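Alright, here's a single protein chain in two forms, structure 1 and structure 2, each given by itself as structure tokens.
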Structure 1
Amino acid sequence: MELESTISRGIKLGADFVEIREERSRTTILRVVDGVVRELSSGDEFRIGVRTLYKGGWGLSVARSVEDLEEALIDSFELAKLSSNRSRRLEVDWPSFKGNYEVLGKEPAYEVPIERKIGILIDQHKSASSIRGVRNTNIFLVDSIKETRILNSLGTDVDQRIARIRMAAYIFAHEAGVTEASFESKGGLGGMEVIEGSDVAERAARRAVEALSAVPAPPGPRKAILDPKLAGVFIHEAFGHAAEGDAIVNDESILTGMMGKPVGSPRVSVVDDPTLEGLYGSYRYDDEGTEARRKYIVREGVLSSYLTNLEVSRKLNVELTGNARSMDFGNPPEVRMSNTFIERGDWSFEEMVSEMKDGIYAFGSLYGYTDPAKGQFMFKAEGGWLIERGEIVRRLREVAITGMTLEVLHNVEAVGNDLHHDPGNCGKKGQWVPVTTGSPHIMVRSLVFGGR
């Protein structure tokens, strides 16, 4: 059964809405440890996800080939009926989108001989391991091309071919019984040009070695400067997740009912923009086929937009923002961020250090997570520097930071003029999607640091 006729058949069966997502991906995974290829794997995957809506309930089933489509459709419709509930019928009056989008890059990674990719990773290893104190280098390269076609019963029909590539270095340094590690990555949409010329391994190595002389961070509340990587994770974890419309619909967010109200310092504006060229979290059409667009979540401290997908835009009666994303064919699209960042301000880093006088400059990010219902977050910086009398004096390690999202956002006293983006993968409801976090340096009046 063809994709289009499957959709008509679904509507005839009684579904309120039918969507088909056909996905084909080709991936190469390369891992070089201490200069030795420890993993070289490549493969193809293909699936067709069929999603139906019936009286407010969704069903999802997956076909392995076009021949299985009819069975998947019937399965999906039966599942939708099981989830349905007459009392929360969803109005299906969404706009439809048509178009196609392709980003393969100047030099598509799938066309590049594996030997050259290995050579790049070996060079990364060499530059990192030549630094005194480096004990172990782990360099990864993952490139993929994903072709997606999304059709639905409202007439949406979009094709997208997106190539993503990411190189990452995880470096361990050791001296006199002390071991430290550091992580750096570079990635984006496109081909080899995204990662070539990058010095991720060397930068990670220098920071791992530097950390050997670090002491644990002093615990308790402190003034803080966050570097772009850490401030980017803060705005993604602590704020972005709370602005995802499903959390608003479900009354699980501190931002419920806050539209148009101040949620932070007037110095802070936050943007989510999937259309930025080449960033790791970019796309033209989201996983429901909605055309992506740039929007302010916060404009000068005031909450100005929630992120939405089809269902949430209807339930909140707000615009579609193109933020429906799923990990793959087997998972329903959820409301997710894309490239989320704090807009540039006008402070230099030196001005912040001198203004702060005493506090902690925290940098890098290992991970972070949030509880949008309580508005509580935690993130783990890779390291930090103690600042005393306006001078950077001592390297810190194990810098854990907890806070209440809105308090911290109100406490932002300065925003830097040096916006920087970082690739990452964001987890929610068991699904991981590529995203970009970003920010300039920011200075915060008080943050709680954990430590010994």
Structure 2
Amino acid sequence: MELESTISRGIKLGADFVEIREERSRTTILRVVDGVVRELSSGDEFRIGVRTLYKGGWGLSVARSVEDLEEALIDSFELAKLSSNRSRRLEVDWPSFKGNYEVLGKEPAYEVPIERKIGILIDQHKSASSIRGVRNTNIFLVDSIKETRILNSLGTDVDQRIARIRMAAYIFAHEAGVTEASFESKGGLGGMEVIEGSDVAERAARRAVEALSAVPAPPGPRKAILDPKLAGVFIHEAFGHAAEGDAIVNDESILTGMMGKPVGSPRVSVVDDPTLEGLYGSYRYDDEGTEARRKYIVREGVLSSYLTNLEVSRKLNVELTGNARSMDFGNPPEVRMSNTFIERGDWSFEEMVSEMKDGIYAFGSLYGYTDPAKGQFMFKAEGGWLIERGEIVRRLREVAITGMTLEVLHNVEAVGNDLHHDPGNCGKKGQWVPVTTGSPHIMVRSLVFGGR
């Protein structure tokens, strides 16, 4: 059974909507720990996901080949009928899209011998471990190419071929009973040219060693400057997830009922834009085939948009934003961010330090916790600097920030002119997708600092 005829067959069975996602993916994962290859895997998968909608209930089944499509369609439809018992009917009047998009890069990573990739990571290890004080190195490289074709019963038919690559380094330094860690990564759409020549391990190593002589950060509320990495993680984790429309539908977000209302300082605008060329979270069409577009989640402090997929846009009666994303053919598209960042302002970093007088400059992010329903967060920064009388004076370690998300956004006093993006992977409902976080430096009136 061909893809188009499967859709027709599904509609004849009684489905309200049928979607076919044909996907081939090739992925290589390589990890070198202390100069030794500890993980090396490579795979090539081809599957066809069949998703059906019946009276508000969704079903998803996967075929290994075109020959298995009939069975997958029947299974998907039976699952949709079962789930419809606990669902409200959805009106199927979404727009359709047609087109194609391809980014493979100058030197596609899947064509490069694995020995060369190992050599790149070994060189990263050598450059980091040659720095006095470095105890352990943990460096990984992930490259993939995903080819998808998405069709549905409304007439959508889009093709994409997207190659991604990312290299990252965790470096640990140790001295006199003190251990410090630093993390650095580089990645994006394209081939080997994205990461070659990068010194992620060396930069992480120098920061980790630098932290050994630092003093613990003073706890309590302080005026603060956050660097682009920490501010970018904050806006993604603490705020962006709260703006995902499924959280609004399920009343699990502090932003429920806040559309059009102030959620931060007028200096703050937050953008989600999958169309930015070369960024790790970029794409032209989302995983339901909706054309991606730039949108303001917050414009000058006012909540301007929720992120949506087909189902959520209908339930909230708002526009499609092109934010349906799934990890692979076997998972349904969920509402997810892409490249999410605070828009640049007009302050220089030096102006912020001079203006702040006394406080803490916190940078980097190692891990954290957020609760979009309560609007609480905690992030362990990589480090910081104490600022006194308008000058940076002392390196700090054991830097953590905590607080209420909207309170922090309202307390933003300045936004820098130095927007920076970082690649990463975002987890939600067991699915991991590539994203980009970003921000300029921001200055916050008051932020609570703690230790580890």
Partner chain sequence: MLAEEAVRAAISEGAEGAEAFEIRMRKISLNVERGVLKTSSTIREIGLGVRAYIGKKLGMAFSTNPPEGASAGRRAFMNAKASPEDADFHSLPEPRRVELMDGLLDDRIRDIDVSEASSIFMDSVEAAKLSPSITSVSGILTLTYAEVRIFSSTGVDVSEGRTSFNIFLEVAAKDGDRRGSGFNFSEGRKLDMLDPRRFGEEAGEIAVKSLDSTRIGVETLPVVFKPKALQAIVPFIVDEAANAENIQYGRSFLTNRLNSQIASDQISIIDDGRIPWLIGSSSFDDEGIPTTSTRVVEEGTFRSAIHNWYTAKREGRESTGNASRDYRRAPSVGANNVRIEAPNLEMDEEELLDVRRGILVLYTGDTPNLATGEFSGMAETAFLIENGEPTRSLRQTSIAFTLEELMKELDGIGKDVASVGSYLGGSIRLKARVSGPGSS
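Please read these numbers as outputs of a predicted model, since none were measured by experiment. Note that the rigid core is defined as the largest set of C-alphas that superpose within 1.5 Å between two forms. Here, residue number means position along structure 1's sequence, counting from 1.
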Have a look at both and say which one is the form predicted together with its partner chain.
1
Comparing between structures 1 and 2 on the rigid core, is the C-alpha shift at P95 2 Å or larger?
no
For a quick test of reading the superposition: does D418 move by 2 Å or more at the CA between structures 1 and 2, rigid core aligned?
no
Once everything's superposed on the core, is V298 shifted 2 Å or more at the Cα between structures 1 and 2?
no
Rigid-core fit: what Cα movement does R86 have between structures 1 and 2, in Å to one decimal?
8.8
